[in-house]
Ligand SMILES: Cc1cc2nc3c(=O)[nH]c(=O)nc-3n(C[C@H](O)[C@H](O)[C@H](O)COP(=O)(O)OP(=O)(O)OC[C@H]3O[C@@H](n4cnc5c(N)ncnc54)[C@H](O)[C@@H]3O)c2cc1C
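Taking the form predicted on its own, here's one chain by itself in structure tokens.
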Amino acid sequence: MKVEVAVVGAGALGLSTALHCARQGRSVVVLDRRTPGSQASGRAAGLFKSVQGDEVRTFLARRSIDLVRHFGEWAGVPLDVAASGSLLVARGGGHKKLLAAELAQSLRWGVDLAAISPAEAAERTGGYYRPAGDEDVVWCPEDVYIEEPGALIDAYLGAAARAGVQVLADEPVTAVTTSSAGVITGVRTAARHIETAVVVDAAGAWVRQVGELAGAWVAAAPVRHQLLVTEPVPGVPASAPITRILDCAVYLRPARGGLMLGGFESAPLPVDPRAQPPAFDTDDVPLDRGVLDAMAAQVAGLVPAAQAEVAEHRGGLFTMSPDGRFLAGPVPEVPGLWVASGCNGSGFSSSPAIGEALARWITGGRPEVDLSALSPARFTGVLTDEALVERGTWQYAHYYDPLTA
């Protein structure tokens, strides 16, 4: 087989990049060791958040929201999106200062935000949020969610098929081939050799392994993330917004008539697939309901329904970078190798814009936003594996709480 672009990984990031490359007129194949969306993307919370820590990620977040809201118009495949908006809630003094700072900088970057009263927050949720009265709340009307994460994967697959992308499932990449000068020439699987000048490593928790096949070091540390969905609960309208409570690093949204609750553990579990048996899968990641039960108890005063009976408990692996910013762009030491990873839990929600920007760059154009700050090369040869895990788990634990940086 001969193609212009080979994407390794059929999660949201890989499929988006493949789709956008095909829309730029390139021949594209996507390879995955499992079925599309079966790993982290299929277990995502589906949340899209406009408030981000820097201007580049803010642009990518807002562009992604725009792309999913109008997916059918540009991609030709329908996609249901809940235009719910979201609430950012801060209770302690430190988090109130953080929230005020995020409000100010996001407004400078063009995000539509407003400080509202706790009573208005309760009204917007239809009553599932019960205010304490002394918390600070910011209303984010741009934010959306996708009810079931598989819907975005299916939409990407449908649009990619329309654009001529070939998707090869259950076909692990066993080698990335290079010339004597170290330039990408193709990939191999057990079934075939694919000749290509461009390989995009979007392999999620396996991103380091694929990079190593090409002789590259990718600075991503996989870390467990968990969420639960409750049984249906009266008083949780399907139209209610997402709620994020900063001081306990918890997010909630309507889901299947109940609530979804997820959060960021203070002592997260790193899981490196390189140290696992070859057949290791995200289903093998050990889960701990006690972590989520403790989070539900922390927010019970504001959201009593968080402690409803649990219908589903699921988990996946986030790829965490050492500085909390994405890994998106070319790998200079291996010409033709590109990385789309290290999204720190935002890969699913940033995938539309990252895929679009990378595709423009790969095909010789200019992305709408300068991605140089996200270069995978910024960590090359700098960190040991131990330091990579230490920094990645710190970034995870402080996802909503960077005050002690």
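Note that the structure is predicted; figures quoted are calculated from it, not measured. Start at 1 with the first residue shown and count on from there.
Below, we refer to the form predicted together with the named molecule, which is not included among the displayed structures.
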Considering the named molecule in the predicted bound form, find the one stretch among 297-305, 88-96, 314-322, 128-136 with heavy atoms no farther than 4.5 Å from it.
-> 314-322
Assert contact residue (the named molecule, in the predicted bound form, non-hydrogen atom within 4.5 Å, options 199, 328, 221, 203) equals 203
State the residue from 246, 227, 140, 160 whose non-hydrogen atoms include one within 4.5 Å of the named molecule in the predicted bound form.
-> 227
4.5 angstroms heavy atom contact with the named molecule in the predicted bound form for residue 347 = yes
Does at least one non-hydrogen atom of residue 273 fall within 4.5 angstroms of the named molecule in the predicted bound form?
-> no
Taking the shortest heavy atom distance, is residue 172 within 4.5 Å of the named molecule in the predicted bound form?
-> yes
Give a yes or no for residue 50: in the predicted bound form, does one of its heavy atoms lie within 4.5 Å of a heavy atom belonging to the named molecule?
-> no
Going by the named molecule in the predicted bound form, which residues of 1-33 come within 4.5 Å of it through any heavy atom?
-> 8, 9, 10, 11, 12, 13, 14, 31, 32, 33
